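Below, in C-alpha coordinates: the form predicted alone, a single chain.
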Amino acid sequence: MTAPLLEVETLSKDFRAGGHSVRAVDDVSFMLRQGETLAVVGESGSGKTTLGRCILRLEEPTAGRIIFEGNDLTHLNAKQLRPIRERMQMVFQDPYTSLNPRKRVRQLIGDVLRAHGERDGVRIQARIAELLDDVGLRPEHAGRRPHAFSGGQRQRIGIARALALKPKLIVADEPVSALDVSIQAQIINLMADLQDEHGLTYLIIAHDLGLVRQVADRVAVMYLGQIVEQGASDALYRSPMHPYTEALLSAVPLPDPEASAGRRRIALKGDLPSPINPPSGCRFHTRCPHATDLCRMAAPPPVAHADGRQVACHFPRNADDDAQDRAMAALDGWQPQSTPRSGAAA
(Lines give C-alpha, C1' and ligand atoms only; values in the text may rest on other atoms or scores of the structure.)
Protein backbone atom coordinates (compact mmCIF):
# COMPACT_ATOMS: atom_id res chain seq x y z
CA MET A 1 0.00 0.00 0.00
CA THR A 2 1.25 3.49 -0.85
CA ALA A 3 1.52 6.13 1.84
CA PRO A 4 -1.60 8.30 2.22
CA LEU A 5 -1.62 11.59 0.33
CA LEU A 6 -3.80 13.16 3.04
CA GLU A 7 -4.29 12.18 6.68
CA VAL A 8 -6.78 13.94 8.94
CA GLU A 9 -6.37 13.06 12.61
CA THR A 10 -8.98 13.93 15.28
CA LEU A 11 -9.73 17.26 13.59
CA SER A 12 -12.05 19.69 15.38
CA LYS A 13 -13.20 23.24 14.68
CA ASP A 14 -15.03 25.56 17.09
CA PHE A 15 -16.82 28.82 16.34
CA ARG A 16 -18.24 31.45 18.67
CA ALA A 17 -21.94 32.19 18.11
CA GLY A 18 -24.06 34.35 20.40
CA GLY A 19 -21.76 33.81 23.35
CA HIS A 20 -21.74 30.04 22.83
CA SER A 21 -19.03 27.75 21.52
CA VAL A 22 -20.24 25.73 18.53
CA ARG A 23 -18.23 22.72 17.43
CA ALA A 24 -18.63 22.53 13.66
CA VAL A 25 -16.26 19.58 13.19
CA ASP A 26 -15.79 17.16 16.07
CA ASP A 27 -12.94 14.64 16.27
CA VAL A 28 -12.93 13.68 12.57
CA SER A 29 -10.32 11.24 11.24
CA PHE A 30 -9.77 9.70 7.80
CA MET A 31 -7.11 9.18 5.14
CA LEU A 32 -7.03 9.64 1.38
CA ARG A 33 -4.63 7.94 -1.04
CA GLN A 34 -3.29 9.29 -4.33
CA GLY A 35 -5.84 8.94 -7.16
CA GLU A 36 -8.73 8.13 -4.82
CA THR A 37 -12.07 9.91 -4.48
CA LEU A 38 -13.66 10.34 -1.06
CA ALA A 39 -17.20 11.73 -0.92
CA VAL A 40 -18.21 13.44 2.34
CA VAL A 41 -22.00 13.49 2.51
CA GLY A 42 -24.68 14.64 4.93
CA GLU A 43 -27.45 17.18 5.46
CA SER A 44 -26.88 20.92 5.44
CA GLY A 45 -25.39 21.85 8.81
CA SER A 46 -23.47 18.61 9.26
CA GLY A 47 -20.05 20.29 9.06
CA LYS A 48 -18.97 19.11 5.59
CA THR A 49 -17.91 22.47 4.18
CA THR A 50 -16.11 23.49 7.38
CA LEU A 51 -14.17 20.22 7.22
CA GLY A 52 -13.06 20.93 3.64
CA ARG A 53 -12.04 24.49 4.45
CA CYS A 54 -10.05 23.35 7.48
CA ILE A 55 -8.14 20.80 5.39
CA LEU A 56 -7.05 23.59 3.02
CA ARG A 57 -6.38 25.90 6.00
CA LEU A 58 -9.00 28.39 4.81
CA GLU A 59 -10.29 27.94 8.36
CA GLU A 60 -7.94 27.42 11.31
CA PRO A 61 -8.57 24.08 13.08
CA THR A 62 -9.14 24.15 16.83
CA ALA A 63 -7.55 20.74 17.42
CA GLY A 64 -6.17 17.77 15.52
CA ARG A 65 -3.69 17.41 12.66
CA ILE A 66 -3.74 17.73 8.85
CA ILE A 67 -0.90 15.82 7.17
CA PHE A 68 -0.41 16.25 3.42
CA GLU A 69 2.35 14.37 1.59
CA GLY A 70 3.87 13.56 4.98
CA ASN A 71 3.97 17.23 6.07
CA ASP A 72 1.98 18.48 9.05
CA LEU A 73 0.13 21.57 7.80
CA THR A 74 -1.77 22.29 10.98
CA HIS A 75 0.40 25.09 12.35
CA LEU A 76 2.22 26.38 9.25
CA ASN A 77 2.07 30.12 8.66
CA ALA A 78 0.97 31.74 5.38
CA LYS A 79 4.51 31.89 3.97
CA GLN A 80 5.15 28.22 4.74
CA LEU A 81 1.80 27.20 3.24
CA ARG A 82 2.30 29.06 -0.03
CA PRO A 83 4.34 26.43 -1.93
CA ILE A 84 2.05 23.67 -0.62
CA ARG A 85 -1.09 25.43 -1.88
CA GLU A 86 0.03 24.71 -5.44
CA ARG A 87 -0.73 21.04 -4.76
CA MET A 88 -4.04 21.60 -2.89
CA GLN A 89 -6.85 23.47 -4.62
CA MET A 90 -10.59 24.00 -4.21
CA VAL A 91 -13.62 24.09 -6.51
CA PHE A 92 -16.33 26.18 -4.87
CA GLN A 93 -20.06 25.54 -4.74
CA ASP A 94 -21.33 28.62 -6.56
CA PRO A 95 -19.47 29.06 -9.87
CA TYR A 96 -20.67 32.65 -10.22
CA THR A 97 -19.79 34.20 -6.87
CA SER A 98 -16.41 32.40 -6.82
CA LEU A 99 -15.35 34.18 -10.04
CA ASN A 100 -14.54 37.91 -10.09
CA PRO A 101 -17.22 39.39 -12.44
CA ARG A 102 -14.90 42.21 -13.54
CA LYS A 103 -12.18 39.93 -14.87
CA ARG A 104 -11.99 38.01 -18.11
CA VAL A 105 -11.29 34.30 -18.09
CA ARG A 106 -7.67 34.82 -19.17
CA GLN A 107 -7.18 37.02 -16.10
CA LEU A 108 -8.97 34.65 -13.71
CA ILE A 109 -6.66 31.80 -14.65
CA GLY A 110 -3.56 33.84 -15.47
CA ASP A 111 -3.58 35.55 -12.06
CA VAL A 112 -3.19 32.15 -10.40
CA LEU A 113 -0.11 31.37 -12.49
CA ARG A 114 1.43 34.79 -11.91
CA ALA A 115 0.80 34.62 -8.16
CA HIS A 116 2.94 31.49 -8.04
CA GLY A 117 5.88 32.86 -9.98
CA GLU A 118 5.15 32.45 -13.69
CA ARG A 119 6.19 35.61 -15.55
CA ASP A 120 6.44 34.46 -19.17
CA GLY A 121 3.36 35.78 -20.98
CA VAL A 122 3.64 33.27 -23.81
CA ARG A 123 3.71 30.32 -21.42
CA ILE A 124 0.79 31.77 -19.44
CA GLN A 125 -1.38 32.12 -22.57
CA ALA A 126 -0.43 28.62 -23.72
CA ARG A 127 -1.34 27.19 -20.31
CA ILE A 128 -4.69 29.02 -20.34
CA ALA A 129 -5.52 27.59 -23.78
CA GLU A 130 -4.53 24.10 -22.59
CA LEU A 131 -6.72 24.34 -19.50
CA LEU A 132 -9.76 25.61 -21.42
CA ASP A 133 -9.40 22.71 -23.82
CA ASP A 134 -9.15 20.27 -20.88
CA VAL A 135 -12.51 21.43 -19.49
CA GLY A 136 -14.31 21.56 -22.86
CA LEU A 137 -14.19 25.30 -23.57
CA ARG A 138 -12.92 27.08 -26.70
CA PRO A 139 -9.93 29.46 -27.00
CA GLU A 140 -12.19 32.47 -27.69
CA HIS A 141 -13.80 32.00 -24.28
CA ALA A 142 -10.62 33.39 -22.70
CA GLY A 143 -11.68 36.93 -23.60
CA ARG A 144 -15.13 36.79 -21.98
CA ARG A 145 -16.29 37.68 -18.48
CA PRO A 146 -18.22 35.26 -16.19
CA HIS A 147 -21.66 36.78 -16.90
CA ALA A 148 -21.38 35.65 -20.54
CA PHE A 149 -21.40 31.97 -19.57
CA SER A 150 -23.98 29.47 -18.39
CA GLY A 151 -23.72 27.96 -14.91
CA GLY A 152 -22.13 24.79 -16.24
CA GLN A 153 -19.58 26.76 -18.24
CA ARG A 154 -18.72 28.91 -15.21
CA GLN A 155 -18.07 25.78 -13.18
CA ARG A 156 -15.79 24.52 -15.97
CA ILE A 157 -13.84 27.78 -15.60
CA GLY A 158 -13.63 27.21 -11.85
CA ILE A 159 -12.28 23.71 -12.46
CA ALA A 160 -9.75 25.04 -15.00
CA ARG A 161 -8.55 27.60 -12.46
CA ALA A 162 -8.16 24.87 -9.82
CA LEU A 163 -6.10 22.80 -12.27
CA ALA A 164 -3.80 25.68 -13.29
CA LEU A 165 -0.98 24.75 -10.88
CA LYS A 166 -1.23 20.99 -11.53
CA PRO A 167 -2.44 20.08 -8.02
CA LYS A 168 -2.54 16.61 -6.53
CA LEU A 169 -5.61 17.17 -4.30
CA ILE A 170 -8.82 18.99 -5.18
CA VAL A 171 -11.50 19.69 -2.59
CA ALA A 172 -14.79 20.15 -4.45
CA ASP A 173 -17.49 21.73 -2.28
CA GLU A 174 -20.90 20.80 -3.69
CA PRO A 175 -19.51 21.30 -7.22
CA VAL A 176 -22.83 20.67 -9.01
CA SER A 177 -25.54 21.58 -6.49
CA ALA A 178 -26.01 25.06 -8.02
CA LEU A 179 -26.42 23.64 -11.55
CA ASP A 180 -29.40 22.36 -13.53
CA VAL A 181 -29.95 18.62 -13.25
CA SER A 182 -29.22 18.21 -16.96
CA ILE A 183 -25.75 19.73 -16.46
CA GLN A 184 -24.78 17.98 -13.23
CA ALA A 185 -23.88 14.67 -14.88
CA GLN A 186 -21.73 16.48 -17.45
CA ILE A 187 -19.63 18.12 -14.75
CA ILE A 188 -19.32 14.91 -12.73
CA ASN A 189 -18.20 13.04 -15.87
CA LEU A 190 -15.73 15.83 -16.66
CA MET A 191 -14.22 15.55 -13.18
CA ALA A 192 -13.89 11.79 -13.59
CA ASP A 193 -12.15 12.22 -16.96
CA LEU A 194 -9.75 14.81 -15.53
CA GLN A 195 -8.94 12.50 -12.65
CA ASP A 196 -7.96 9.72 -15.05
CA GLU A 197 -5.95 12.11 -17.23
CA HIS A 198 -4.07 13.96 -14.49
CA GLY A 199 -4.03 11.44 -11.62
CA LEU A 200 -6.06 13.76 -9.37
CA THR A 201 -7.24 12.97 -5.86
CA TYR A 202 -10.69 14.29 -4.93
CA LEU A 203 -12.44 15.13 -1.70
CA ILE A 204 -16.00 15.78 -2.89
CA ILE A 205 -18.44 17.41 -0.48
CA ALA A 206 -22.07 16.63 -1.31
CA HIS A 207 -25.52 16.10 0.17
CA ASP A 208 -26.75 13.76 -2.60
CA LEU A 209 -25.58 10.16 -2.17
CA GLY A 210 -27.00 9.25 -5.57
CA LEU A 211 -24.93 11.87 -7.37
CA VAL A 212 -21.53 10.81 -6.05
CA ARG A 213 -22.11 7.08 -6.40
CA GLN A 214 -20.53 6.88 -9.85
CA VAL A 215 -17.30 8.64 -8.86
CA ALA A 216 -16.64 7.89 -5.17
CA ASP A 217 -14.24 5.13 -4.16
CA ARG A 218 -15.11 5.68 -0.51
CA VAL A 219 -17.86 7.56 1.31
CA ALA A 220 -17.85 9.28 4.71
CA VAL A 221 -21.26 10.16 6.18
CA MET A 222 -21.34 13.16 8.55
CA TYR A 223 -23.97 14.06 11.12
CA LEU A 224 -23.68 17.04 13.48
CA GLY A 225 -19.95 17.41 12.95
CA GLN A 226 -19.01 13.75 13.31
CA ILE A 227 -18.39 10.94 10.81
CA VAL A 228 -20.92 8.24 11.67
CA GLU A 229 -19.99 5.79 8.89
CA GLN A 230 -17.16 5.55 6.39
CA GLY A 231 -16.03 2.82 4.04
CA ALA A 232 -15.84 1.55 0.48
CA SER A 233 -18.55 2.96 -1.74
CA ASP A 234 -19.84 -0.39 -3.05
CA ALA A 235 -20.26 -1.87 0.43
CA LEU A 236 -21.89 1.23 1.86
CA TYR A 237 -24.43 1.53 -0.95
CA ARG A 238 -25.18 -2.19 -0.90
CA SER A 239 -25.74 -2.53 2.86
CA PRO A 240 -25.61 0.66 4.94
CA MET A 241 -24.88 0.03 8.62
CA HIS A 242 -25.68 3.32 10.31
CA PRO A 243 -29.43 4.18 10.48
CA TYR A 244 -28.65 7.69 9.21
CA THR A 245 -26.88 6.32 6.12
CA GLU A 246 -29.80 3.94 5.61
CA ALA A 247 -32.26 6.84 5.70
CA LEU A 248 -30.21 8.95 3.27
CA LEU A 249 -29.95 6.08 0.78
CA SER A 250 -33.67 5.39 0.98
CA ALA A 251 -34.27 8.88 -0.45
CA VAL A 252 -32.08 8.33 -3.53
CA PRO A 253 -34.29 7.86 -6.64
CA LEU A 254 -33.93 4.55 -8.48
CA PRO A 255 -34.06 4.34 -12.31
CA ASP A 256 -36.06 1.10 -12.13
CA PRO A 257 -39.75 1.90 -11.37
CA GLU A 258 -40.45 -1.61 -10.04
CA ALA A 259 -37.47 -1.51 -7.66
CA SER A 260 -38.41 1.99 -6.57
CA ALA A 261 -42.02 0.99 -5.88
CA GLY A 262 -40.93 -1.90 -3.66
CA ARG A 263 -38.48 0.09 -1.56
CA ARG A 264 -39.38 1.47 1.86
CA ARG A 265 -38.72 5.18 2.26
CA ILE A 266 -37.31 6.02 5.70
CA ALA A 267 -38.58 9.45 6.78
CA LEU A 268 -36.53 10.96 9.59
CA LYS A 269 -38.59 12.72 12.25
CA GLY A 270 -37.73 16.24 13.31
CA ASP A 271 -34.97 18.58 12.22
CA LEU A 272 -31.23 18.50 12.74
CA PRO A 273 -30.64 19.35 16.44
CA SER A 274 -29.05 22.65 17.39
CA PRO A 275 -25.25 22.53 17.24
CA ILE A 276 -25.16 24.89 20.23
CA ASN A 277 -26.70 22.22 22.45
CA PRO A 278 -26.30 18.81 20.75
CA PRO A 279 -28.01 15.73 22.18
CA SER A 280 -26.22 13.65 24.79
CA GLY A 281 -25.10 10.15 23.90
CA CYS A 282 -25.49 9.33 20.23
CA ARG A 283 -26.29 12.58 18.47
CA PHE A 284 -28.62 10.81 16.06
CA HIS A 285 -30.79 9.25 18.78
CA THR A 286 -33.42 12.03 18.65
CA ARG A 287 -34.31 11.00 15.07
CA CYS A 288 -33.31 7.33 15.04
CA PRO A 289 -36.14 4.74 14.86
CA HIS A 290 -33.95 2.17 16.65
CA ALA A 291 -32.70 4.29 19.58
CA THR A 292 -32.56 2.78 23.09
CA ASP A 293 -31.66 4.12 26.53
CA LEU A 294 -28.02 3.23 25.82
CA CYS A 295 -28.08 5.46 22.72
CA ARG A 296 -29.45 8.34 24.77
CA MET A 297 -26.74 8.03 27.43
CA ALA A 298 -23.54 6.84 25.75
CA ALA A 299 -21.86 8.16 22.59
CA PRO A 300 -20.99 5.18 20.36
CA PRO A 301 -17.29 5.00 19.43
CA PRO A 302 -16.32 4.23 15.82
CA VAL A 303 -15.89 0.47 15.45
CA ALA A 304 -14.09 -1.31 12.59
CA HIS A 305 -16.10 -4.01 10.79
CA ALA A 306 -15.06 -7.00 8.73
CA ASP A 307 -15.43 -5.21 5.38
CA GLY A 308 -13.17 -2.35 6.48
CA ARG A 309 -15.93 0.08 7.36
CA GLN A 310 -15.96 2.18 10.50
CA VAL A 311 -19.38 2.77 12.05
CA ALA A 312 -20.30 4.77 15.16
CA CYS A 313 -23.50 2.99 16.20
CA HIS A 314 -24.40 0.78 19.16
CA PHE A 315 -26.71 -1.34 17.01
CA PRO A 316 -25.36 -1.26 13.42
CA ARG A 317 -27.63 -2.44 10.64
CA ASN A 318 -26.61 -5.18 8.17
CA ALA A 319 -23.53 -5.95 10.29
CA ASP A 320 -21.58 -9.17 10.74
CA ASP A 321 -22.55 -11.34 13.71
CA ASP A 322 -19.85 -10.20 16.13
CA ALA A 323 -20.21 -6.49 15.37
CA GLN A 324 -22.40 -5.99 18.43
CA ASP A 325 -19.77 -7.57 20.67
CA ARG A 326 -17.06 -5.29 19.32
CA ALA A 327 -19.27 -2.22 19.76
CA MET A 328 -20.05 -3.15 23.34
CA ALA A 329 -16.41 -3.98 24.09
CA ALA A 330 -15.45 -0.48 22.98
CA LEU A 331 -17.67 0.87 25.78
CA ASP A 332 -15.95 -1.06 28.59
CA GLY A 333 -15.42 1.23 31.56
CA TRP A 334 -17.84 3.87 30.29
CA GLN A 335 -19.65 5.90 32.95
CA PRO A 336 -22.52 8.39 32.40
CA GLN A 337 -21.37 11.99 32.17
CA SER A 338 -22.90 14.52 34.51
CA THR A 339 -23.19 17.11 31.73
CA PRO A 340 -23.65 16.62 28.00
CA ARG A 341 -20.58 17.15 25.86
CA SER A 342 -20.69 20.42 23.94
CA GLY A 343 -20.08 20.88 20.24
CA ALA A 344 -21.40 19.83 16.81
CA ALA A 345 -22.04 21.00 13.33
CA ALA A 346 -22.25 24.28 11.47
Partner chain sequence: MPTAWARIGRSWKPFRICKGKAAVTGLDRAASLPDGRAGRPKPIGLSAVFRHLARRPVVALSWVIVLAVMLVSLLAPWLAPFDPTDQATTDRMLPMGSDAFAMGTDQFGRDQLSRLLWGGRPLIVISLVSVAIAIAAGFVIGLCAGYLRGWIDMVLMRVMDVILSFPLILFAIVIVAALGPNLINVIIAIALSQIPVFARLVRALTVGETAKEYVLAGKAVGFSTPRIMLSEIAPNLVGPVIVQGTSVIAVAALYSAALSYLGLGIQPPEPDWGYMVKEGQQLLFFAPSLALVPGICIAVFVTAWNFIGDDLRDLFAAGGETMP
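Everything quoted here is computed from the prediction, not taken from an experiment. Numbering follows the first chain given and starts at 1.
A second form of this protein, the form predicted in complex with its partner chain, is not displayed here; the remarks below concern that form.
Picking from 97-105, 67-75, 266-274, 188-196 the stretch near its partner chain in the model of the complex, with a 4.5 Å limit on heavy atoms, gives 97-105. At a distance threshold of 4.5 angstroms between non-hydrogen atoms, residue 112 is in contact with its partner chain in the model of the complex. Shown alone here, residue 214 lies farther than 4.5 Å from its partner chain in the model of the complex, counting heavy atoms only. In the model of the complex, its partner chain stays beyond 4.5 Å of every heavy atom belonging to residue 295.
Though the partner is left out of this view, residue 167 does not reach within 4.5 Å of its partner chain in the model of the complex, counting heavy atoms only. Though its partner chain is absent from this view, in the model of the complex it lies within 4.5 Å of a heavy atom of just one residue from 93, 250, 125, 239, which is 93. Residues from 50-86 that approach its partner chain in the model of the complex with a non-hydrogen atom closer than or equal to 4.5 Å are 53, 56, 58, 82, 85, in the order they occur in the chain.
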